[in-house]
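Listed next as structure tokens is one chain, alone, in the form predicted alone.
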């Protein structure tokens, strides 16, 4: 029996996969692996890599917080922000990371510190995930956005 996975932001539905085999989520208390028939759970998400596995393919996302509802037959991710890994522009993410690092070195005003620290964390995660999927391209087939499984 597969598990239905939905990834949603305030703006739109990002993924609706009715036949996933497994979901790996960055829970606030650690990484969660979710298989069909999982015990019901409602928890918060941390910044991290979210993976949806189906057959020999895997869809990878960078998720930046949110909540997840897990039921035995369905996983609903309500993400604050999410990006498909293959859509992350590595050059832009690296540039954002460099800018945030420079601002942190300059000693930002206290009211801007948390915002800059979060932007740095977000940029570092985007770079890490994009590089990881590039290096794994030969070992796990990454399904591109909109591509159906053959």
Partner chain sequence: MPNVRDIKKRIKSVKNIGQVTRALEAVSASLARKAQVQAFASRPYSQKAWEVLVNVASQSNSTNGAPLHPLLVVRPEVKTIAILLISGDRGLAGTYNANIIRVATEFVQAHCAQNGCGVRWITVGRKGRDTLLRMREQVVAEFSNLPASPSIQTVIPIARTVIDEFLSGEADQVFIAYTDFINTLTQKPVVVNLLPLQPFQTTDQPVMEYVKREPTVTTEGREYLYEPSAAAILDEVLPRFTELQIYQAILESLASEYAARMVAMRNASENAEALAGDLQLSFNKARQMAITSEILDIVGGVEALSGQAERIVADMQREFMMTEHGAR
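None of the values given here were measured: they were computed from a predicted structure. Positions refer to the first chain, counted from 1.
The form predicted together with the partner chain is left out here; the points below concern that form.
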- [ ] Flag this candidate site as yes only if 2, 19 and 52 all have a heavy atom within 4.5 Å of the partner chain in the predicted bound form; otherwise mark no.
- [x] no
Open item on the list: The chain here is shown without the partner chain. Which stretch in 98-106, 52-60, 82-90, 65-73 comes within 4.5 angstroms of it in the predicted bound form, by heavy atom distance?
Closed with: 65-73
- [ ] Spell out, yes or no, whether the shortest heavy atom distance between residue 110 and the partner chain in the predicted bound form is within 4.5 Å.
- [x] no
Open item on the list: Can you work out whether residue 42 and the partner chain are in contact in the predicted bound form, taking contact to mean some heavy atom pair no more than 4.5 Å apart?
Closed with: yes
Task: Contact label in the predicted bound form: residue 10 to the partner chain, heavy atom within 4.5 Å - done: yes
